[in-house]
Ligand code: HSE
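Presented as C-alpha coordinates, the chain that follows is alone, the form predicted on its own.
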Amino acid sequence: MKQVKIGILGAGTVGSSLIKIIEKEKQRILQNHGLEIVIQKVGDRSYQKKEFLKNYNSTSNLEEVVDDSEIDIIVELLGGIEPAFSLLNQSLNNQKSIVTANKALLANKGKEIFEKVKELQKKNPKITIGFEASVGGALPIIKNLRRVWSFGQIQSLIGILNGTCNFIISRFEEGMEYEKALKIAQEKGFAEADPSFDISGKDAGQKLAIISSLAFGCWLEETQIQIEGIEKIHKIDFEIANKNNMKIRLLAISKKIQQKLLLRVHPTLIPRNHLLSDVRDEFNALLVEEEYSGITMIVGKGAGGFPTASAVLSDIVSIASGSSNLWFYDFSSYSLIEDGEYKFYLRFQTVDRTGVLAFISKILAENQISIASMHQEEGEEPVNVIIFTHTCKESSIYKAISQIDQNREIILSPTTIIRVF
(Lines give C-alpha, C1' and ligand atoms only; values in the text may rest on other atoms or scores of the structure.)
Protein backbone atom coordinates (compact mmCIF):
# COMPACT_ATOMS: atom_id res chain seq x y z
CA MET A 1 0.00 0.00 0.00
CA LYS A 2 1.18 3.49 -0.88
CA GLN A 3 -0.13 6.55 0.89
CA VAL A 4 -0.46 9.80 -1.05
CA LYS A 5 -1.36 13.05 0.66
CA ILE A 6 -3.18 15.75 -1.28
CA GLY A 7 -3.90 19.39 -0.61
CA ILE A 8 -7.05 20.86 -2.12
CA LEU A 9 -7.31 24.53 -3.06
CA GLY A 10 -10.98 25.49 -3.34
CA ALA A 11 -13.94 23.60 -1.92
CA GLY A 12 -16.71 24.85 -4.16
CA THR A 13 -18.86 22.68 -6.43
CA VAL A 14 -15.98 20.60 -7.84
CA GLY A 15 -13.90 20.59 -4.65
CA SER A 16 -16.78 19.39 -2.48
CA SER A 17 -17.68 16.74 -5.08
CA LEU A 18 -14.06 15.53 -5.11
CA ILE A 19 -14.04 15.15 -1.32
CA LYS A 20 -17.29 13.17 -1.44
CA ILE A 21 -15.99 10.81 -4.14
CA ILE A 22 -12.71 10.20 -2.30
CA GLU A 23 -14.53 9.39 0.93
CA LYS A 24 -17.01 7.10 -0.82
CA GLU A 25 -14.49 5.29 -3.03
CA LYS A 26 -11.36 5.20 -0.83
CA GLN A 27 -11.61 1.44 -0.25
CA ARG A 28 -12.15 0.72 -3.94
CA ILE A 29 -9.13 2.90 -4.84
CA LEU A 30 -7.07 1.05 -2.24
CA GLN A 31 -8.20 -2.31 -3.56
CA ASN A 32 -7.75 -1.52 -7.27
CA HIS A 33 -4.63 0.65 -7.16
CA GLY A 34 -2.97 -0.01 -3.83
CA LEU A 35 -3.32 3.68 -2.96
CA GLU A 36 -4.54 5.33 0.18
CA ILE A 37 -5.52 8.88 -0.71
CA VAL A 38 -5.38 11.16 2.31
CA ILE A 39 -6.83 14.68 2.21
CA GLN A 40 -4.09 16.36 4.21
CA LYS A 41 -5.37 19.91 4.05
CA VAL A 42 -8.11 21.96 2.40
CA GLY A 43 -7.66 25.64 1.57
CA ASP A 44 -10.84 27.66 1.13
CA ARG A 45 -11.39 31.36 1.83
CA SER A 46 -14.78 30.68 3.42
CA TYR A 47 -14.18 27.23 4.90
CA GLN A 48 -15.80 28.20 8.22
CA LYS A 49 -19.16 28.56 6.46
CA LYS A 50 -18.98 25.06 4.97
CA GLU A 51 -20.21 22.39 7.34
CA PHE A 52 -18.76 19.50 5.34
CA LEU A 53 -15.21 20.80 5.97
CA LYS A 54 -15.42 20.59 9.74
CA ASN A 55 -13.86 17.11 9.75
CA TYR A 56 -10.90 18.19 7.64
CA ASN A 57 -7.78 20.20 8.37
CA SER A 58 -9.04 23.37 6.68
CA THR A 59 -7.60 26.86 6.40
CA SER A 60 -8.29 30.16 4.68
CA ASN A 61 -4.55 30.58 4.12
CA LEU A 62 -4.01 29.00 0.70
CA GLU A 63 -0.23 29.40 0.89
CA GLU A 64 -0.27 27.21 3.99
CA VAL A 65 -1.56 24.32 1.89
CA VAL A 66 1.02 24.84 -0.85
CA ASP A 67 3.90 25.00 1.65
CA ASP A 68 2.88 21.91 3.67
CA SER A 69 5.91 19.62 3.36
CA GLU A 70 3.83 16.46 3.86
CA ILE A 71 1.62 17.06 0.83
CA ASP A 72 2.53 15.20 -2.37
CA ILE A 73 -0.01 16.62 -4.83
CA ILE A 74 -1.68 20.04 -4.92
CA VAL A 75 -5.18 20.03 -6.44
CA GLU A 76 -6.19 23.49 -7.66
CA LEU A 77 -9.95 24.04 -8.03
CA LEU A 78 -10.12 27.81 -7.55
CA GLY A 79 -10.72 28.96 -11.11
CA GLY A 80 -9.40 32.18 -12.63
CA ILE A 81 -5.81 33.12 -13.29
CA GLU A 82 -4.80 34.56 -9.91
CA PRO A 83 -4.10 33.48 -7.25
CA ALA A 84 -4.18 30.06 -8.97
CA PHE A 85 -1.11 30.71 -11.13
CA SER A 86 1.04 31.95 -8.25
CA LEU A 87 -0.04 29.07 -6.00
CA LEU A 88 0.69 26.40 -8.61
CA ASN A 89 3.99 28.03 -9.44
CA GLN A 90 4.94 27.86 -5.75
CA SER A 91 3.75 24.25 -5.58
CA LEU A 92 6.15 23.33 -8.37
CA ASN A 93 8.94 25.22 -6.61
CA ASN A 94 8.16 23.01 -3.61
CA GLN A 95 8.64 19.89 -5.78
CA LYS A 96 4.96 18.91 -5.77
CA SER A 97 2.96 17.56 -8.68
CA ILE A 98 -0.14 19.54 -9.51
CA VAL A 99 -3.66 18.78 -10.73
CA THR A 100 -5.95 21.50 -12.04
CA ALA A 101 -9.39 21.86 -13.58
CA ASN A 102 -8.67 25.49 -14.46
CA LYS A 103 -9.20 26.12 -18.18
CA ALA A 104 -8.79 29.90 -17.87
CA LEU A 105 -5.38 29.42 -16.28
CA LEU A 106 -4.13 26.95 -18.89
CA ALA A 107 -5.54 28.96 -21.80
CA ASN A 108 -3.59 32.02 -20.67
CA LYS A 109 -0.60 30.80 -18.63
CA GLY A 110 -0.32 27.20 -19.80
CA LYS A 111 2.93 27.60 -21.68
CA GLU A 112 4.71 28.98 -18.61
CA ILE A 113 3.39 26.19 -16.40
CA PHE A 114 4.25 23.41 -18.84
CA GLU A 115 7.75 24.72 -19.51
CA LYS A 116 8.38 24.86 -15.76
CA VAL A 117 7.15 21.29 -15.27
CA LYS A 118 9.34 20.11 -18.11
CA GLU A 119 12.40 21.84 -16.65
CA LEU A 120 11.76 20.37 -13.18
CA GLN A 121 11.40 16.89 -14.65
CA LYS A 122 15.07 16.95 -15.65
CA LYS A 123 15.95 16.64 -11.96
CA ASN A 124 12.81 14.95 -10.66
CA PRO A 125 10.92 12.96 -13.32
CA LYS A 126 8.07 12.26 -10.90
CA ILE A 127 6.88 15.87 -10.98
CA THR A 128 4.03 16.31 -13.46
CA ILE A 129 0.72 18.05 -14.11
CA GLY A 130 -2.74 16.57 -14.50
CA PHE A 131 -5.40 18.67 -16.23
CA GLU A 132 -7.98 16.23 -17.60
CA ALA A 133 -10.81 18.12 -15.91
CA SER A 134 -9.98 21.41 -17.66
CA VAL A 135 -11.73 20.30 -20.85
CA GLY A 136 -14.93 18.30 -21.13
CA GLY A 137 -15.46 17.26 -17.53
CA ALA A 138 -15.35 13.46 -17.37
CA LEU A 139 -14.64 13.03 -21.09
CA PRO A 140 -11.12 11.54 -21.52
CA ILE A 141 -10.09 14.17 -24.06
CA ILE A 142 -6.73 15.15 -22.55
CA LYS A 143 -5.65 11.56 -21.90
CA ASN A 144 -6.39 10.60 -25.49
CA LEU A 145 -4.53 13.61 -26.85
CA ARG A 146 -1.50 12.82 -24.66
CA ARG A 147 -1.51 9.07 -25.30
CA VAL A 148 -3.81 7.60 -27.95
CA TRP A 149 -3.28 10.31 -30.56
CA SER A 150 0.23 11.39 -29.51
CA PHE A 151 2.18 9.61 -32.25
CA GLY A 152 0.19 10.48 -35.38
CA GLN A 153 -0.73 13.59 -37.29
CA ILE A 154 -3.96 15.21 -36.15
CA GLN A 155 -5.65 17.05 -39.01
CA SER A 156 -8.57 18.57 -37.13
CA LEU A 157 -10.46 18.87 -33.86
CA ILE A 158 -14.15 19.78 -34.04
CA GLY A 159 -16.06 19.94 -30.81
CA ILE A 160 -19.16 20.92 -28.91
CA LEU A 161 -17.35 22.08 -25.78
CA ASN A 162 -19.94 24.06 -23.84
CA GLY A 163 -22.92 22.32 -22.26
CA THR A 164 -24.76 25.57 -21.48
CA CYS A 165 -24.88 26.65 -25.12
CA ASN A 166 -25.74 23.18 -26.32
CA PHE A 167 -28.61 22.90 -23.83
CA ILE A 168 -30.03 26.25 -24.97
CA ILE A 169 -29.61 25.31 -28.63
CA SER A 170 -31.52 22.08 -27.97
CA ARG A 171 -34.39 24.12 -26.55
CA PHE A 172 -34.29 26.42 -29.59
CA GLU A 173 -34.76 23.35 -31.77
CA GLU A 174 -37.93 22.57 -29.80
CA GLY A 175 -39.31 26.03 -30.60
CA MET A 176 -38.46 27.69 -27.30
CA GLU A 177 -37.33 31.33 -27.05
CA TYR A 178 -33.92 32.25 -25.61
CA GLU A 179 -35.10 33.72 -22.29
CA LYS A 180 -37.14 30.64 -21.37
CA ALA A 181 -34.38 28.26 -22.48
CA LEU A 182 -31.82 30.13 -20.38
CA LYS A 183 -34.10 30.10 -17.34
CA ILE A 184 -34.49 26.31 -17.54
CA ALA A 185 -30.72 25.90 -17.98
CA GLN A 186 -30.15 27.99 -14.84
CA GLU A 187 -32.77 26.05 -12.86
CA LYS A 188 -31.07 22.76 -13.80
CA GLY A 189 -27.64 24.12 -12.88
CA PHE A 190 -26.31 24.08 -16.45
CA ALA A 191 -25.99 27.88 -16.62
CA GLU A 192 -24.63 30.45 -14.18
CA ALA A 193 -26.65 33.42 -12.92
CA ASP A 194 -24.49 35.45 -15.34
CA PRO A 195 -24.27 33.18 -18.41
CA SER A 196 -22.24 35.58 -20.57
CA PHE A 197 -18.96 33.62 -20.26
CA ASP A 198 -20.64 30.55 -21.77
CA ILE A 199 -23.01 32.26 -24.21
CA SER A 200 -20.23 34.41 -25.69
CA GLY A 201 -18.23 31.32 -26.67
CA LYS A 202 -15.30 32.27 -24.43
CA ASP A 203 -15.54 29.11 -22.32
CA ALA A 204 -15.32 26.94 -25.46
CA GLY A 205 -12.47 29.13 -26.72
CA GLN A 206 -10.37 28.48 -23.62
CA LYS A 207 -10.93 24.73 -23.94
CA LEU A 208 -10.06 24.83 -27.64
CA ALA A 209 -6.79 26.62 -26.85
CA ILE A 210 -5.78 23.81 -24.47
CA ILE A 211 -6.60 20.85 -26.70
CA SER A 212 -5.20 22.54 -29.83
CA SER A 213 -1.93 23.09 -27.99
CA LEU A 214 -1.69 19.38 -27.28
CA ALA A 215 -2.86 18.33 -30.73
CA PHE A 216 -0.40 20.48 -32.67
CA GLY A 217 2.48 20.86 -30.22
CA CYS A 218 2.46 24.66 -30.13
CA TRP A 219 1.13 26.43 -27.09
CA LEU A 220 -1.88 28.56 -27.98
CA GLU A 221 -3.80 31.12 -25.95
CA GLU A 222 -7.45 32.08 -26.09
CA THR A 223 -6.57 35.52 -27.52
CA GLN A 224 -5.41 33.78 -30.70
CA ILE A 225 -8.82 32.25 -31.36
CA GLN A 226 -11.59 34.05 -33.22
CA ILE A 227 -14.69 33.61 -31.06
CA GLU A 228 -18.38 34.22 -31.68
CA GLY A 229 -21.16 33.12 -29.34
CA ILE A 230 -24.85 32.33 -29.77
CA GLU A 231 -26.18 35.76 -28.75
CA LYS A 232 -27.15 36.75 -32.29
CA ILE A 233 -28.99 33.64 -33.42
CA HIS A 234 -32.73 33.27 -32.94
CA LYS A 235 -35.51 30.72 -33.10
CA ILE A 236 -36.21 31.54 -36.74
CA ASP A 237 -32.65 30.57 -37.70
CA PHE A 238 -33.32 27.08 -36.33
CA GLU A 239 -36.59 26.92 -38.22
CA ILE A 240 -34.84 27.83 -41.47
CA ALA A 241 -32.03 25.36 -40.74
CA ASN A 242 -34.64 22.63 -40.26
CA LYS A 243 -36.27 23.47 -43.60
CA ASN A 244 -32.88 23.03 -45.23
CA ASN A 245 -32.24 19.68 -43.53
CA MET A 246 -29.58 21.19 -41.28
CA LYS A 247 -28.94 21.92 -37.61
CA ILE A 248 -27.08 24.67 -35.76
CA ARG A 249 -24.35 23.91 -33.25
CA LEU A 250 -21.78 26.08 -31.49
CA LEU A 251 -18.60 24.46 -32.79
CA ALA A 252 -15.03 24.83 -31.58
CA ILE A 253 -12.84 24.15 -34.61
CA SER A 254 -9.10 23.65 -34.90
CA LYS A 255 -7.66 22.59 -38.27
CA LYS A 256 -4.19 22.30 -39.74
CA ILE A 257 -4.23 23.54 -43.32
CA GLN A 258 -0.88 23.55 -45.14
CA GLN A 259 1.14 24.12 -41.97
CA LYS A 260 -1.18 26.88 -40.79
CA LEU A 261 -3.83 26.64 -38.09
CA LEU A 262 -7.46 27.69 -38.37
CA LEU A 263 -8.84 28.36 -34.87
CA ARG A 264 -12.48 29.32 -34.50
CA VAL A 265 -15.46 29.12 -32.15
CA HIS A 266 -18.77 30.06 -33.77
CA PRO A 267 -22.33 28.91 -34.48
CA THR A 268 -22.30 26.60 -37.50
CA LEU A 269 -24.90 25.09 -39.79
CA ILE A 270 -24.20 21.37 -40.15
CA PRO A 271 -26.01 18.65 -42.15
CA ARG A 272 -28.66 16.73 -40.21
CA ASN A 273 -26.72 13.48 -40.77
CA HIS A 274 -23.45 14.85 -39.34
CA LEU A 275 -22.10 13.01 -36.29
CA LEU A 276 -22.34 16.12 -34.12
CA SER A 277 -25.95 16.90 -35.03
CA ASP A 278 -27.30 14.36 -32.52
CA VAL A 279 -25.27 15.75 -29.59
CA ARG A 280 -27.93 17.53 -27.56
CA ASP A 281 -28.69 19.09 -24.18
CA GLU A 282 -25.76 19.48 -21.76
CA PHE A 283 -23.60 16.91 -23.57
CA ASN A 284 -20.17 17.72 -24.99
CA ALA A 285 -18.40 15.98 -27.86
CA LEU A 286 -15.07 16.05 -29.66
CA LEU A 287 -14.58 14.80 -33.21
CA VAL A 288 -10.93 14.07 -34.02
CA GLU A 289 -9.48 13.36 -37.44
CA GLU A 290 -6.09 11.70 -37.16
CA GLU A 291 -3.68 10.15 -39.64
CA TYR A 292 -3.94 6.54 -38.46
CA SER A 293 -7.16 6.22 -36.49
CA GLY A 294 -9.24 8.24 -38.95
CA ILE A 295 -12.29 9.95 -37.47
CA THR A 296 -13.22 9.21 -33.86
CA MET A 297 -15.64 10.92 -31.49
CA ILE A 298 -15.94 11.17 -27.71
CA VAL A 299 -19.32 12.11 -26.22
CA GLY A 300 -20.38 12.66 -22.62
CA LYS A 301 -21.42 15.13 -19.96
CA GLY A 302 -18.90 17.92 -20.05
CA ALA A 303 -19.64 19.78 -16.83
CA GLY A 304 -21.01 19.46 -13.34
CA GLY A 305 -19.45 18.82 -9.96
CA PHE A 306 -19.20 15.03 -10.01
CA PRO A 307 -18.15 14.54 -13.68
CA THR A 308 -15.40 17.16 -13.28
CA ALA A 309 -14.34 15.83 -9.87
CA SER A 310 -14.09 12.31 -11.29
CA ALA A 311 -11.65 13.60 -13.93
CA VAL A 312 -9.64 15.32 -11.17
CA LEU A 313 -9.52 12.10 -9.16
CA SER A 314 -8.38 10.11 -12.19
CA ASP A 315 -5.39 12.45 -12.48
CA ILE A 316 -4.59 12.09 -8.78
CA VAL A 317 -4.66 8.28 -9.00
CA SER A 318 -2.65 8.32 -12.22
CA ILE A 319 0.09 10.53 -10.76
CA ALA A 320 0.18 8.73 -7.41
CA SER A 321 0.38 5.26 -8.99
CA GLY A 322 3.17 6.29 -11.34
CA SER A 323 1.12 5.65 -14.46
CA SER A 324 0.81 9.32 -15.37
CA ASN A 325 2.08 10.22 -18.80
CA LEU A 326 5.07 12.48 -18.24
CA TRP A 327 5.54 13.36 -21.89
CA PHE A 328 5.49 16.95 -23.09
CA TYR A 329 6.08 18.53 -26.46
CA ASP A 330 8.99 20.67 -27.41
CA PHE A 331 6.72 23.54 -28.39
CA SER A 332 6.94 24.62 -32.00
CA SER A 333 5.16 27.49 -33.72
CA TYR A 334 2.51 27.70 -36.40
CA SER A 335 1.17 30.61 -38.37
CA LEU A 336 -2.53 31.24 -37.86
CA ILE A 337 -5.10 31.59 -40.62
CA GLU A 338 -6.56 35.04 -40.07
CA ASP A 339 -9.05 35.04 -42.93
CA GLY A 340 -10.88 31.73 -43.27
CA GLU A 341 -13.02 30.65 -46.20
CA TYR A 342 -16.55 29.33 -45.66
CA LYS A 343 -19.99 29.13 -47.12
CA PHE A 344 -22.31 31.45 -45.20
CA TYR A 345 -25.93 31.68 -44.16
CA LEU A 346 -27.16 35.29 -44.04
CA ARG A 347 -30.49 36.44 -42.62
CA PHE A 348 -31.51 40.03 -43.31
CA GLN A 349 -34.50 41.69 -41.65
CA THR A 350 -35.77 44.19 -44.18
CA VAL A 351 -38.66 46.36 -45.25
CA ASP A 352 -41.12 44.81 -47.71
CA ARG A 353 -40.62 46.76 -50.89
CA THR A 354 -39.13 46.42 -54.36
CA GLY A 355 -35.40 46.89 -54.77
CA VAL A 356 -34.34 45.26 -51.49
CA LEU A 357 -32.95 42.10 -53.06
CA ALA A 358 -31.23 44.11 -55.78
CA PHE A 359 -29.58 46.34 -53.15
CA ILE A 360 -28.27 43.37 -51.15
CA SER A 361 -27.15 41.43 -54.23
CA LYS A 362 -25.25 44.43 -55.61
CA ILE A 363 -23.13 44.91 -52.47
CA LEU A 364 -22.44 41.19 -52.15
CA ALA A 365 -21.27 41.11 -55.78
CA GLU A 366 -19.04 44.14 -55.24
CA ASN A 367 -17.31 42.19 -52.49
CA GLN A 368 -16.80 39.08 -54.65
CA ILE A 369 -19.49 37.09 -52.83
CA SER A 370 -21.42 34.66 -55.00
CA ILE A 371 -25.01 33.76 -54.02
CA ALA A 372 -25.90 30.05 -53.98
CA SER A 373 -29.56 30.56 -53.10
CA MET A 374 -31.87 33.37 -52.00
CA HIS A 375 -35.45 33.51 -50.79
CA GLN A 376 -37.77 35.69 -48.73
CA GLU A 377 -39.78 34.28 -45.84
CA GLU A 378 -43.48 35.13 -46.00
CA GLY A 379 -44.94 37.32 -43.29
CA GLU A 380 -45.43 40.85 -42.12
CA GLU A 381 -42.68 43.44 -42.00
CA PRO A 382 -39.89 43.12 -41.04
CA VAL A 383 -39.45 40.30 -43.55
CA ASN A 384 -36.61 37.80 -43.42
CA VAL A 385 -34.45 37.54 -46.52
CA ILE A 386 -32.32 34.38 -46.46
CA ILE A 387 -29.15 33.98 -48.53
CA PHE A 388 -26.76 31.05 -48.72
CA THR A 389 -23.43 31.98 -50.31
CA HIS A 390 -20.80 30.01 -52.14
CA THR A 391 -17.39 29.77 -50.45
CA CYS A 392 -15.89 33.17 -49.75
CA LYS A 393 -13.53 34.88 -47.32
CA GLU A 394 -14.66 35.92 -43.86
CA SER A 395 -13.29 39.41 -44.41
CA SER A 396 -15.42 39.83 -47.55
CA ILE A 397 -18.59 38.81 -45.73
CA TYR A 398 -18.06 41.13 -42.79
CA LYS A 399 -17.12 44.04 -45.04
CA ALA A 400 -20.23 43.51 -47.20
CA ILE A 401 -22.59 43.12 -44.24
CA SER A 402 -21.17 46.25 -42.62
CA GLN A 403 -22.01 48.18 -45.80
CA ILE A 404 -25.48 46.63 -46.10
CA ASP A 405 -26.42 47.19 -42.46
CA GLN A 406 -25.63 50.90 -42.73
CA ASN A 407 -28.77 51.36 -44.81
CA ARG A 408 -31.26 51.71 -41.96
CA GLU A 409 -34.08 52.58 -44.34
CA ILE A 410 -33.97 49.04 -45.74
CA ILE A 411 -32.21 46.90 -43.11
CA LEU A 412 -34.17 46.99 -39.87
CA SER A 413 -31.82 45.06 -37.53
CA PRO A 414 -28.26 43.69 -37.63
CA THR A 415 -27.81 40.86 -40.07
CA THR A 416 -27.38 37.32 -38.72
CA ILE A 417 -24.27 35.55 -40.04
CA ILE A 418 -23.71 31.80 -39.55
CA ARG A 419 -21.00 29.71 -41.19
CA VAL A 420 -22.05 26.56 -43.03
CA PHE A 421 -19.99 23.44 -42.31
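What you see is a predicted model, and the numbers here were worked out from it, not measured in a lab. The numbering used is simple: start at 1 and walk along the sequence shown.
Here the subject shifts to the form predicted together with the ligand, a form of this protein not shown in this document.
Of the candidates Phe85, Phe190, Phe216, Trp149, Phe190 is the one whose heavy atoms come within 4.5 Å of the ligand in the predicted bound form; the others do not. Residue-level contacts in the predicted bound form: of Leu145, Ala303, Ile73, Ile233, one residue has a heavy atom within 4.5 Å of the ligand, and it is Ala303. Per the 4.5 Å heavy atom criterion, the ligand in the predicted bound form is contacted by stretch 163-171, the sole one of 342-350, 124-132, 86-94, 163-171.
Heavy atoms of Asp203 reach within 4.5 Å of the ligand in the predicted bound form, making it an interface residue. Interface residue remark: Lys103 is counted as part of the site for the ligand in the predicted bound form, having a heavy atom within 4.5 Å.
Contact annotation for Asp198: at least one heavy atom lies within 4.5 Å of the ligand in the predicted bound form. Interface membership of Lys207, defined by any non-hydrogen atom within 4.5 Å of the ligand in the predicted bound form, is confirmed.
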